Structures are given as structure tokens and as C-alpha cells.
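Below, in C-alpha cells: the form predicted on its own, a single chain.
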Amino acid sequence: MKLDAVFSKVVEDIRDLRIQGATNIAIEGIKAFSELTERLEVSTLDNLFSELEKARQALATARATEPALRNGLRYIIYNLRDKAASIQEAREIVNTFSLDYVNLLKESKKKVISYGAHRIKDGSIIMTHCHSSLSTGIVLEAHHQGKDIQVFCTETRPRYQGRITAKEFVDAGITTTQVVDSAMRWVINRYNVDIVITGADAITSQGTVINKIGTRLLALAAREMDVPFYTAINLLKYDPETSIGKLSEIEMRSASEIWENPPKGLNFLNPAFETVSHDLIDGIISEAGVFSPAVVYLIVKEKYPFMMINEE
């Protein structure tokens, strides 16, 4: 049985960046999975499980760096195994735990923003990179608390996600300056940046984070200038397979994002993400509080035990 057009469209939208942001991708993907479960016309429970496994694989492989979505699917399957005695019961379980996971994402986001805003002092100059609803939310919350802050945000080539960040800050009335990516070190040095806060798409068992290309450069510049570098991340973005030795995959994007009509024979590299090692991160801002990257595995193991199940 072929997965239907409605579900396939969501997978395609995730793959082609029409749905962006790790949290948004997870929410839309989980919603599509749940709705597909209701639509599937199957005669046995085994048939249903077989079709759901196809759907899980399609979503899990749509983007290389989206553990929040994969963990959501893992959460549903974790609660579905050995609990469904009929097709209808399986559908009800998928729906229940899909909604539960989406609520987990939303509630954890509120906590990350709350904890992060406490790290921003009145009068701070902040720097961000790319667009993250968590890092942006932290800055906006600090502003709503009445703190006098300024922000520098990179434009974030090649798709300019930093413009989304800049617009949100300007619309909120925050003094905001956009800079090209290559100016990040110059800005930290020249304008006495007090704190750097970025989001992240994934975090490993070693406390390494994966975020938009350029994030490690920003972390290195912050370390050189002795400016604290924080990563705001929902721990539902933890990649459990890194605890058994798997290396996180870095997604390579199309050359057309960089140059639509390049000279013939010109080669391109367009990595979407890069790693930031734990030694460059002063603190992880999460729903479990603010802590050293070194203890992320222990915190995730205690808070989200379902993530300790390895994908087959």
C-alpha cells in the first residue's frame, strides 16, 4: 500500500524546507502521522503496524538533522507496542500520544524561554545566529520583562533565516542590527557583546550540539573574546543513537541555494549544519534548567526514558 498524497505532501514539505524549525517540523510530522493512522484502510493489526512503519521511515528520513521528530515517533511507538489489541485501539493510542508529545514540545518550550530570560541582564547586548523560536523567545521574554537590551543577528546565508529573527525583534520594539555572517567576530569585538544565545537542531550524548552552519564560528569568536555562549534547546531534540557511537549526519543542501545560475564547471558545498563541541558551550538552556553540556545524557535518561530505546 502506498502512503497517501496528503501524508506524502507533508514529508515533501519537510524535505524541501517549506516547513522549517525543528519544533514546527516535529509538530507537523507527528500530526500527519496521527491523521494518517485514522485514514489507513487495513484489515489486520499487523497490516496497520506495517503501514505505520513505512510512514515512520518516511518522516524519519525526510531531513537528516531532526531528532525532535524522530523522538516523537519513537514516543508514540514506545507507547503503542504490546498495548493495542485491535485496529481501533491502536488508532486511539496513536492519537492520544501524538497529542501528548505535541503538548510536551509546547510546555518544554515555555520552560526553556523562562529559564533563558533569567540569564539576560538589564542593559545586555546579545548576539544570535539563524532563526530559532527558542533563542528568539528568550530574547523577546527578556524584553517583555522590561529589560533594556540590544541585539545583533546574522543574516544567515544562504537562505537568510536571520531576517526572520531580525523582523521579530524589530516588530517587538527591540533595538536590532543585522550583520553579514562573516562580520560576527568583528561585531563581538567592536560592540562589547555580553552574551551569545543560539538555538540548536540536535544535541548528542557528549553534549555536542548541531546547529546552522556558522554557529561554531560564532562559538569560537565568543570564546576568543571571553563572551558566554549558550545553546537554547528542547531536550526532545536529543539524538539517542549517539550514545551507541553513531555520528550525527550533516545535511548537504542544493547548490542552487547559493547561486541559481553559476558558471559551468563550478563546484559547490552547501552544508546546512555544523557541530559545536561541548567545550565551546558555557551552558545548555533547556526545560530541565541551565546546565553543563557534560551531563546531558544523564538528564535526558532521567527525564525522557523512552529516548533510550534504539531505533532498529
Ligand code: RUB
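Counting begins at 1, following the sequence as shown. Keep in mind that what you see is a predicted model, and the values were worked out from it rather than measured.
If you look for the form predicted together with the ligand, you will not find it shown, but the lines that follow are about it.
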> Do residue 292 and the ligand come within 4.5 Å of each other in the predicted bound form, heavy atoms counted?
Replying inline: no
> Does the 4.5 Å heavy atom contact test between residue 211 and the ligand in the predicted bound form come out positive?
Replying inline: yes
> Is residue 33 close enough to the ligand in the predicted bound form to count, meaning some heavy atom within 4.5 Å?
Replying inline: no
>> in the predicted bound form, does residue 196 come within 4.5 Å of the ligand, counting heavy atoms only?
In response: no
> Which one, 21 to 29, 284 to 292, 5 to 13, 297 to 305, holds residues whose non-hydrogen atoms are within 4.5 Å of the ligand in the predicted bound form?
Replying inline: 21 to 29
>> Please tell me which of 200, 127, 236, 139 lies within 4.5 Å of the ligand in the predicted bound form, judged by heavy atoms.
In response: 200
> the ligand isn't shown here, but in the predicted bound form which of 176, 161, 108, 98 has a heavy atom within 4.5 Å of it?
Replying inline: 161
